[in-house]
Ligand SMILES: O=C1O[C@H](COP(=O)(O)O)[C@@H](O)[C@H](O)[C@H]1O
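Single chain ahead, by itself, as structure tokens, in the form predicted on its own.
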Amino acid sequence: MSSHNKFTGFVGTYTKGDSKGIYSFTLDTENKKISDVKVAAELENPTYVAISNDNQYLYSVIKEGEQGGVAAYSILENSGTLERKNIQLLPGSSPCHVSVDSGNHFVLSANYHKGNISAYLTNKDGGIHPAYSVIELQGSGPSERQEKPHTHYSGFTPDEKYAVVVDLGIDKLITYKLDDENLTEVSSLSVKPGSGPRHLEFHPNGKYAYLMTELSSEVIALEYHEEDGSFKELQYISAIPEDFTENSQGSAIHVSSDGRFVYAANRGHDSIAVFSINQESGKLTFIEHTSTEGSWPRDFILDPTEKFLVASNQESGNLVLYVRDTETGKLSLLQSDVAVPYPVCVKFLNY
């Protein structure tokens, strides 16, 4: 569903408590309000979802019994509901992250518990074939949570020649050559030991990328070299105040499409940190922290106009709507009482 001022979003959840699966909602940018929250599809632990560029398909991580994998859905136009195409499962725990390329050809999943990534090809009707490449990572790190690989993100470089994988357990960012037969490692970057990298987002110019760490709650500014898929560290900057000593774990990170601002969420400090980007160097300057008005902000997303931001608080079960000042990057609270049980991932249809 869309108009010039109404946008459809989807929320992936943990299916405990009252949660049924994937939820949809409507953002009305004229009235500055989220409404019409409803179940879009019932499935177990669809904690992360990805939407194809043409808005035809949604891909979700899924758990079924003792197996986990990826589910493919058709997005039913003007309804906010989903129709299952098929699922592909592998033994063991379900993945934590899924992504799809712009041509809706490749689907990638990352598995935190198993420490691996899986690559799938789609078919003509948007469904997915069985995984054609599964790569098990190796290693460990100094933290007690780094006893083995914990792969947390698998996505695509801007030119989509490479898959990029982030592993929290081994403090590594690994680049793979992407094709229909296999994933071949071409580059890797080891970041600060114990930092626990989690999620990556590219600058729209394709020259920089920003990596959120979970264990050290930092943003790492990176320089990206598209000729060989390699990365170089430019800067580490904290996403939480220096005097905050309680438990806090970094979660999501996003970059505004004008390339001027980075947003990063902190679970525990329960905030979104805002940074400005130096366009010459790619480095960040801290602007402010904004409360997420709830507990354990697992994810957030800018709406299609980028004048608003929607955050999801996993433990307090609420979505939060902010208006965004596109000149300063700062956020102002609009609404914090949108109930969704155990929300994790938030995505909008593309407009």
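Just count from 1 along the sequence shown to find any residue number. Here the structure is a predicted model, which means the values were calculated and not measured.
What follows is about the form predicted in complex with this ligand, which we do not show.
- Contact annotation: of the candidates R145, H105, K177, H129, the single residue with a non-hydrogen atom within 4.5 angstroms of this ligand in the predicted complex is R145.
- Scanning K207, H113, K161, K192 against this ligand in the predicted complex with a 4.5 Å heavy atom cut-off leaves one residue, H113.
- In the predicted complex, S118 stays away from this ligand, with no heavy atom inside 4.5 Å.
- Proximity of H152 to this ligand in the predicted complex: non-hydrogen atoms within 4.5 Å are present.
- Contact check for C96: a heavy atom falls within 4.5 Å of this ligand in the predicted complex.
- At a distance threshold of 4.5 angstroms between non-hydrogen atoms, R267 is in contact with this ligand in the predicted complex.
- Every residue of the trio Y14, E214 and Q249 has some heavy atom no more than 4.5 Å from this ligand in the predicted complex.
- Screening 88 to 96, 237 to 245, 218 to 226, 129 to 137 for residues having heavy atoms within 4.5 Å of this ligand in the predicted complex returns a single hit, 88 to 96.
- Residue R198 is the sole member of 163 to 198 found to place a heavy atom within 4.5 Å of this ligand in the predicted complex.
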